[in-house]
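Starting off, we have a lone chain in the form predicted alone, written out as structure tokens.
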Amino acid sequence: MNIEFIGLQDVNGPLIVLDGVNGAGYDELVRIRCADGERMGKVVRIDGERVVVQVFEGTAGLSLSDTRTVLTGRPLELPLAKSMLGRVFDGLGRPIDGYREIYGECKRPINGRAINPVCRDYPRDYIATGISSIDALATLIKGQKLPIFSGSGLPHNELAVQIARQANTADGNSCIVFAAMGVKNDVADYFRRAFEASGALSRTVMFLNLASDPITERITTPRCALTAAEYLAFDKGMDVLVIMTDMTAYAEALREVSSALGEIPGRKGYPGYLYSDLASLYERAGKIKGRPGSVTQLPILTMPNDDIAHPVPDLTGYITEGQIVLDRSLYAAGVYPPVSVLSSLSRLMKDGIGKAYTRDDHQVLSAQLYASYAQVQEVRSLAGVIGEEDLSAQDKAVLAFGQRFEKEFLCQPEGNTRTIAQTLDLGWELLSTLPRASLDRVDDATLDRYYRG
């Protein structure tokens, strides 16, 4: 039986404190009744008979004497059904698209259930995004977690929409779960219009948390999104791509709540448990042996001052299987998407490409493009010292290759979708502008087949 408590001991930011409480559970759902209606919260600290509750909708207007609090005895749960596809929800999983509530087939706690490591299936099978710089050089694999590291003013929102619109698996049984955290109203409108205009909304579940919404709701948003993704993947057998933006806004909300709780701060003020908290989200990606469906994550985070050593991208890089880094100088040169090839990698790429998945020349072509583009950077540095006029003929060929590689291979405006075959053929066309002897990462048999110099 639920017990109602009248009055509050204290209010501190997004937190309220109750005294004389017995039998409360960590993460337990709490209903707070006040003069302007009902709010929700969860238990975040228990100290004897003192309980601290994090209020999702904020604590503005709560009275210390008249507020009534009910501990429900269960965690926050999300109603789940396949009819969620095509719907838009707020950060707590409540519909905001003007349609009815979801009458779910089931309800599940938003914290999810850990996948038994023994039951995990190794991620394989590539996901085609239609973007050459990703498909060829940092291939996204079904069941992988591959973050995008961006910066303020870079086109990560446009890239997220493009990937969501174009991404597909070999069998076509895929959908998108999109979670936006701390975004402005105009950005939220952009996401909704872009998905509707492209027709991708019908296979997308959207969770939108606005910058004006309470920060505590921001902490809940990715957990609601991942709960929906796990249901669609492991109950309905779909391949789900989860796009979460912006994880830096999520981490800052976590820092603010930690500060209100009086916890000892870690690096740059973030809580010491930031690593394990991020891991509790990222590790919900994967596949389960013997069951159809998969959860693939593409979290997006903005690096403050473009600092890749900042705690959020730094810890994210430890947990995930690679990263796609956006480059400000490429963007300034008019390259879209401005993917920094040499800073990006996909650690699972080698197991999801090749003859069984893409094409037998994919691996060697990728290695040679990396090596040749790295040589471009070296020659550009040399040209900055001695001038282009004094470069050798081979060095000038390398510079010409670099310009074409950026303008023709990397630069791919929205709507210009390439199949994996088109991407690989374009790569060989560019490599064929270099002397055959300089392509030392490719065997002679493969060069005989594809080199056209």
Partner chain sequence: MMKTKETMRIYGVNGPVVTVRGTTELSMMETVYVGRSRLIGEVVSVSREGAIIQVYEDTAGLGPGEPVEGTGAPMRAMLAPGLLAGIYDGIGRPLDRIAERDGEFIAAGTDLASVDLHKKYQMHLCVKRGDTVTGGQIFARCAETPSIEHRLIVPAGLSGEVVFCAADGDYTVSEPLLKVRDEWGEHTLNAITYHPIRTPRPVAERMSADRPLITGQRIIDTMFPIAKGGAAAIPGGFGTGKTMLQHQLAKWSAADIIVYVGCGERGNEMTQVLEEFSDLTDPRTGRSMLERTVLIANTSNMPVAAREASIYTGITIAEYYRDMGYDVALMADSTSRWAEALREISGRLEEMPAEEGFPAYLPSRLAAFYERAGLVRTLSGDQASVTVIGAVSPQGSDFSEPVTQNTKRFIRCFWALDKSLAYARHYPAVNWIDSYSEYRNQLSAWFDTRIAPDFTALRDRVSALLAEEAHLMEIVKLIGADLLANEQKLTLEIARCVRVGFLQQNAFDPADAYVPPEKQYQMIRLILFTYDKARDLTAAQIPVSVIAESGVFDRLCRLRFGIPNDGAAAAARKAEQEINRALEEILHSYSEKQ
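Here, rigid core means the biggest group of C-alpha atoms that superpose within 1.5 Å across both forms. The structure presented is a predicted model; accordingly, all values stated were derived computationally and were not measured. Numbering follows the first chain given and starts at 1.
The form predicted together with its partner chain is left out here; the points below concern that form.
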All three of Asn116, Ala279 and Leu439 touching its partner chain in the predicted bound form at 4.5 Å, heavy atom to heavy atom?
yes
Residues in which of 402-410, 33-41, 58-66, 385-393 have heavy atoms within 4.5 Å of its partner chain in the predicted bound form?
385-393
Closest heavy atom of Gln323 to its partner chain in the predicted bound form, within 4.5 Å or not?
yes
Counting only non-hydrogen atoms and a 4.5 angstroms cut-off, does Leu342 reach its partner chain in the predicted bound form?
yes
Taking the shortest heavy atom distance, is Asp351 within 4.5 Å of its partner chain in the predicted bound form?
yes
Non-hydrogen atom contact Ala309 with its partner chain in the predicted bound form at 4.5 angstroms:
yes
Identify which of Pro123, Gly104, Pro155, Gly130 has a heavy atom within 4.5 Å of its partner chain in the predicted bound form; exactly one of them does.
Pro123
Please pick, from Ala81, Ile319, Ala194, Val257, the one residue with any non-hydrogen atom lying within 4.5 angstroms of its partner chain in the predicted bound form.
Ile319
Pick out the residues of 35-70 whose heavy atoms come within 4.5 Å of its partner chain in the predicted bound form.
Val44, Arg45, Ile46, Asp47, Gly48
Core superposed first: is there a CA shift of 2 Å or greater at Val442 between the shown form and the other one?
yes
